[in-house]
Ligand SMILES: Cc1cc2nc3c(=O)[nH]c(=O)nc-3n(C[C@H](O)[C@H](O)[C@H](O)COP(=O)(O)OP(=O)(O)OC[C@H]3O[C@@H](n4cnc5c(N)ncnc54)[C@H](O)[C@@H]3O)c2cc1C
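Single chain ahead, written as structure tokens, the form predicted on its own.
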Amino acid sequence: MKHTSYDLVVIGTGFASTFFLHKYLSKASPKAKVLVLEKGHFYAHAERVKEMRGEETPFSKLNPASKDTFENHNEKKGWVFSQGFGGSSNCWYGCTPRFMPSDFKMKTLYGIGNDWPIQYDDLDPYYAQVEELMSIAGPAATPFPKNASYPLPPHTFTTVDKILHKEYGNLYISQPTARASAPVKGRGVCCASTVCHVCPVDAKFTIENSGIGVYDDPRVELLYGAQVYSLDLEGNVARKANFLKDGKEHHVAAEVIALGTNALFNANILLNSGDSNPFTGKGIGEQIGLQASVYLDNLENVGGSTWVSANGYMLYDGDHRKDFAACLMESNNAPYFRMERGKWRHIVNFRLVFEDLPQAHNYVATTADRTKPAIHFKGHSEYAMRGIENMKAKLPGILSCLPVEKIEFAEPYESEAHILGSTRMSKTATEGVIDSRLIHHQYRNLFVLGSGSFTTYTPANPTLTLSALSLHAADKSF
């Protein structure tokens, strides 16, 4: 470290930290001192592609496998994320739908969960900024309000998508996505190879290829291999970040601290620090998803220019959310084939993603190893499970515009790779951990960023929203 004290210490280099820093640096003094502590290491995209090809690379062992970094007390439930510079931008699939306005006021509209302390209209300008920074490809008309066009044109539909769009209009759209539909900012065009976690042509937005430049800013010092395990909390102020690097203890003071790790490690750091908010670590969860394979009668499902080619909102919003979960349909363009001569492509697969609710019996706890949190997860809510049963009852009718032979449902996936809700937002400390600016209710110089802040768990991918929340938090606070 160049200094013992900084204006801002940021912990982590994923989406939440990067967009927060982007806005902070646009407003900070030219003499500002910023330290970023990243527990992992830089693993270049080109080296990741080598590994995918089966070639050796010295980078492959720099960052631990995510499953080795925490204790899982429910082996039937997986938790997927990526370690190292850029965090989960290195393993995400680039899906970037906005939330619906109703997602922010579930209590008011449906009597379910709690309302968020921030509403859709508050986030709208920040959604637009993230869409511009990520160069999102998307359609002209969407089911959620939107005042600005997407920077890139939408990806093309498959045969089945065209039929469903004709039937349902703006409830069935080309998916807004950070997989480029045209060359942009050094990124290639999506090749629809469906290996998006390490895009072979670098078409997907990542922190590495973002061009945002926050880690090249001369005011920012980036330290790799620095694992923060706690903060010094005195009175109502966060004073220092405590971390391990090269087997040694280090401590650094800051005027402001921003926790930008994922929902698992943000909670662990707070619990190790003595945070006594009763909601810290409580309610950790994910959406739940499963695949429906729809066999078609003499209809070739071909075309489509990216992995998830469309989103269907026919089971998403409405009064049914008083009783069971919303569902977002993702039309999956992976190359599935029927093993019957003449019917190879007479099939379409949908990934059906359901919202869930935070439950107190799903929680993060500390362990004897202060760097290694534990996840205790008993299961998804009855609300989410009823959403699945409703979908199974309604889907045949929704797809009646297609020549359907049969529908087969798989078991739910073990993870949606979206860890949510361990440091939830609320209006007051009696209902959650942080406020609408992502500031801890008690420690007013401490930001807790990322999807751990989500008050309820909508079925839409969280990345765009958590990035917009970071921009909003920094814009309204500095």
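Just so we're clear, the structure is a prediction, and the values are computed from it rather than from any experiment. In this text, residue numbers run from 1 along the sequence as written.
Keep in mind the form predicted in complex with this ligand is missing from the figure; the text below concerns it.
### Task
Could you tell me if all three of A16, K39 and N262 have a heavy atom no more than 4.5 Å from this ligand in the predicted complex?
Yes, all three are in contact.
### Query
Which among 111-119, 395-403, 311-319, 225-233 is in contact with this ligand in the predicted complex, heavy atoms within 4.5 angstroms?
In the other structure, the partner sits against 225-233.
### Query
For G84, is any heavy atom within 4.5 Å of this ligand in the predicted complex, or not?
So G84 counts as contacting this ligand.
### Query
Taking 4.5 angstroms as the cut-off for heavy atoms, does P459 touch this ligand in the predicted complex?
Outside the cut-off, so no.
### Query
At the 4.5 Å heavy atom threshold, is F350 in contact with this ligand in the predicted complex?
No, no contact at 4.5 Å.
### Query
Would Y126 count as touching this ligand in the predicted complex under a 4.5 Å heavy atom rule?
Residue-level check for Y126: no, no contact with this ligand.
### Task
Identify, from the list V130, A241, I269, A258, the residue with a heavy atom within 4.5 Å of this ligand in the predicted complex.
Checked against the cut-off, the match is I269.
### Query
Out of S88, S381, S331, S273, which one falls within 4.5 Å of this ligand in the predicted complex, going by heavy atoms?
The option sitting close enough to the partner is S88.
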